[in-house]
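Here are two versions of the same chain, shown separately as C-alpha cells and labelled structure 1 and structure 2.
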Structure 1
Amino acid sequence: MKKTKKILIANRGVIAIRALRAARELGYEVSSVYSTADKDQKHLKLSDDAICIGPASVKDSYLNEAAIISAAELGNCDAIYPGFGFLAENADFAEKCEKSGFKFVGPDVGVIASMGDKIKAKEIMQELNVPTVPGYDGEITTEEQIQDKVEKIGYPVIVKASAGGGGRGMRVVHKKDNLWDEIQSAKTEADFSFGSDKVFIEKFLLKPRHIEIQIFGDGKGNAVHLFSRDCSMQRKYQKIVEEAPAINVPIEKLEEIQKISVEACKSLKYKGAGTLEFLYEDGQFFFIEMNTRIQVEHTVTEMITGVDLVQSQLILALENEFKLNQNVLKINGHAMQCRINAENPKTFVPSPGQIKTVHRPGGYHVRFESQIYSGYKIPPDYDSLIAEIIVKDSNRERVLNKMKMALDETVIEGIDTNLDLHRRIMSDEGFRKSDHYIKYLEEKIL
C-alpha cells in the first residue's frame, strides 16, 4: 500500500493551523514543529506528531534550518510547508529542503532569490512590461553624480535597500541638501540589517494605495491571476485590514494590471502562490515588490473566488496537479479581513498574556482563523497577530456591516486587543467611501 504523504508545517500561529486544516482535508499526515514557548498551540494537538525545535528565540527555533530539516526527517515527511515570515522567502533554506529530499512548498530557489533582491526584481519586471516606479538603481559614485540623477527623477525620492523589503531601511529625501547623507545612512543601516549596502532610489509617491495581484503558476509556464486586493489600511508597514477585490479602481485598469501580472508569471515559469505588490496613484500602477509566499491576506481572495489557496499549494507541490483555470475563475461578492493583534490600543505595544475567555464570531460567510482558546497563553516572543476575522457578502457596504457585527460578537478577555480600533475603522466615513490610502490610518483615524 502507498504511504500516506506527510507534510511538515514549519511555522506557528494563524498560518500553522490554517495549513494543518488544509493538509488534513486533503488526507495528508502532518508533522508540526514548535519552540518551547509554543508548546500549548492548538495545531500541535491536531498533528500526528509535534517536534520541539528549540527555545523561544526565533533564531534558535523557527529560523533554525538544521533543526527544521531534522524534524522533517524524524517525522518521515515528504514536504515542508513554510507559511509566511520566518524562512518562507529564504532561498538557501528552500535549497536545503530540496537537497535533503523534501519538497519545499513554494517557487523555485532561483525565483525566490531573484525576487528577494529588490533591484533585480524590478529589472526583471521591467523586462516583462510590468510598470515600475521611475527611479535610479545604478551605481552611486559621487555626490554630484547622484544629485544629477535625482534631479531628473524629481524630489521627493525614497531610498530603499535592495535586500530589504516590507518597509525596513527606507529613507525619504525631500531636498538635494540631505540626499548624500540620507543615502549614506540608508547604506549603513542596510548593511547592518541585511548584510548588503546596495540601495536604489525611486520617486516617492505621496498618497498611494497599496493594491496587489494574487497569482498562481504551475511552474511550467501556465499561470492564473486570482484578482486583486486592497491593503491600504495599515500602520507602520503592518497591514491591518485587507479586502478583495480592490475598490475604486476603473475595471479596465484592474484587468490590465491583472493581465500584465499573469503574463509576467508565465514568462517566469512561476510555481505556486505569489503576489505582485503595486502602489496605485492617479490612475497608474507601479510595481514595488513580489512576494514569493502565501500571504496573511490570502483569505480574502479565497472568499471571493472559492479557491483554497493553501490546498492548491499543497496539491501542486505533492501531486504535481494544477487545477486552476482562468476561464472558470470569477469574483463572487466582496470580502474583508481584520487582523486581530494582542496589543495595547493606545501604544500598540504587544500585550501577551493569558486569554481568560474567547467567544468566536459566527454566521453565514464569517470566518475566524486562529489558534486561540480560553486559557491559552500568548507568548511574548513573537508577532502580535492572534486571529483573523474574515467576512464575505454580496457588496462592500454589506461586508462593512457584517464585519461590524462580527467584531461586536467577538470576545477576547484577559489581554488587550485592537478589536476597538477595527470597530472605529468600520465606522469611519472615509473608509466606508474607500477614500483611504497607505497613510490614512495614521493621518485620519489615530
Structure 2
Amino acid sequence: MKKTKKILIANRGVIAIRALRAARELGYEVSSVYSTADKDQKHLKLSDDAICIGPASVKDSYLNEAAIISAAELGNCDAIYPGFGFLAENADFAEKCEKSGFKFVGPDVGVIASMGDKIKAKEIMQELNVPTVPGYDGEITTEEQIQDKVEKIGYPVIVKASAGGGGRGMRVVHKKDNLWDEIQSAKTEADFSFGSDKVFIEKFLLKPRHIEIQIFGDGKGNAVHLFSRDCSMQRKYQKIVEEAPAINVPIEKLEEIQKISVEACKSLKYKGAGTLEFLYEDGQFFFIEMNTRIQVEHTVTEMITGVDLVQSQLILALENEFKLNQNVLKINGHAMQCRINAENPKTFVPSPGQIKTVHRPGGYHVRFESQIYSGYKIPPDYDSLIAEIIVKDSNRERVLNKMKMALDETVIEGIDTNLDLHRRIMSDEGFRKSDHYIKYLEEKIL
C-alpha cells in the first residue's frame, strides 16, 4: 500500500491555514509547529499532530532551524513547507532540510542564496537582460566617495538593505546634505533586522507603480508565467491592496516583461513558485527584486487563473510533477485582495488582544483567508496581518463594488483593525480610476 505523504507546516497564521487546506485536498497528512504564544491557532486543531518548538520569541521558535527539523523528524514528515516570512528564503535552512532527508518546498539552495542578496540578484538579472533601476552597488567607503557616485545617478535616490525586505533598511534621500546620515541610519536598521549592514543605492522613481510577474518553474529549465499583479497601494513599502492582472499598462509592455521574466527563470532553472517585482514608470519596467517563495498576494493570481499555487508547490515537491502549460493558462476576470491588519486605524500601532466576534463576508467568488475566530487571542509577538479578503468578478469596476460589499459585511470586534481604511480606499476616486502609485496612500488618502 502506498504511503500517504506528510508535510510539516513551518509557519503560522494566514499561510499556515492556507497550506493545511491545500495539503488536505491533495490527501496529504499534516504536522504543524507552534510557539507557546500560538497554541490556539486554528490550523493546529485541524492538523494530524502539532509540535511546540519554543517560546513566543521568533528566534526561539519560528526561526529555530534545529527545532523545526526535529519536529519534522518527530512527525515522520516527507517535506517542510516554509510559506512566506521567517525561514522561507533562508538558503541555510533549505540546505539543512535537504541534508536531513526532507524536501524543502521551494527553489534550490543556490537560487535562494543568489536572489536573497539584492545586489547579486540585480547583477544576475542584468546578465539575463532584465531591465534594472540605475544605481550603485559597490563599496561605500567615505562620504565624499559616495556623494560623487550619487551625483552621477542624480537625486532623489533610495538607500536599500541588500539582505532586506518589507521596507526595512530603506531611506529616500532628496539632497546630498542628508545622504551620509541616511546611509548610516539604513545600515543600522539593516544590521538589526537582517544581520547584515550592507546597503546599495538606486535612483528613486517619483511616482512608480509596483508590478509583479508570478512565475512557476520545474527546476529543469521549464517555466511559465501566471500573468501580472499590481501592488501599488502601499504604506511605508508594505503592501495593503493587491490586484490581478495589472491594468493601465500597455498589453505589449506586459507581454514583453512576462516573456523576459520567464526566460530569466528558465536560465536559472528555477523551481516552484516565485515572483519578479518591478517598478513601472513612464512606459518602462525596472527590476527591483525576486521573491523565491509564495507571496501573500498569490490569492489574486489563483482567482484569475484557476490555478492553486500552493497545491502546485506541493505537487512539484512531493510528486515531482509540473502540470502548468503556458498555452493553457488564461486570464479570467479581475481579482483584488485587501490585507486586514490588527492595528490602530490612525497610528497603525499593532492591536493584539482577544477577538470577541468575527463575521466573515460571503458571496460568489469571495474568499476570507484567516486563522482568526470568535474568542481567539492575537498575540503581540508577530506580524499584524490577521486576514485576507479576496474577491473576483468579470471586470475591475465590479470587483471594487464587490470588495466594498465584502468589507461592509466583515465584522471583527474586540480589537482595532484597518477595515475602515480599506473602505476609504475602495471609495477613493483616484484608486477607482487606477491612478495610484506606491506613495499614493500616504500622499492622497491618509
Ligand code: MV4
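Quick note, the numbers are simply positions in structure 1, starting from 1. C-alpha atoms forming the largest set that superposes within 1.5 Å between two forms make up the rigid core. What you see is a predicted model, and the numbers here were worked out from it, not measured in a lab.
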Of these two forms of the chain, identify the one that is the form predicted together with this ligand. 1
Given a core-based superposition, decide whether the C-alpha of Glu144 shifts by 2 Å or more between structures 1 and 2. yes
Hey, does Lys99 budge by 2 Å or more at the Cα between structures 1 and 2 once the core is superposed? no
Can we say the CA of Phe84 moves by at least 2 Å between structures 1 and 2 when the core is superposed? no
By how many angstrom is the CA atom of Asp181 displaced between structures 1 and 2 after fitting on the core? 4.4
Expressed in angstrom, the C-alpha movement of Val172 between structures 1 and 2 on a rigid core superposition is 2.4
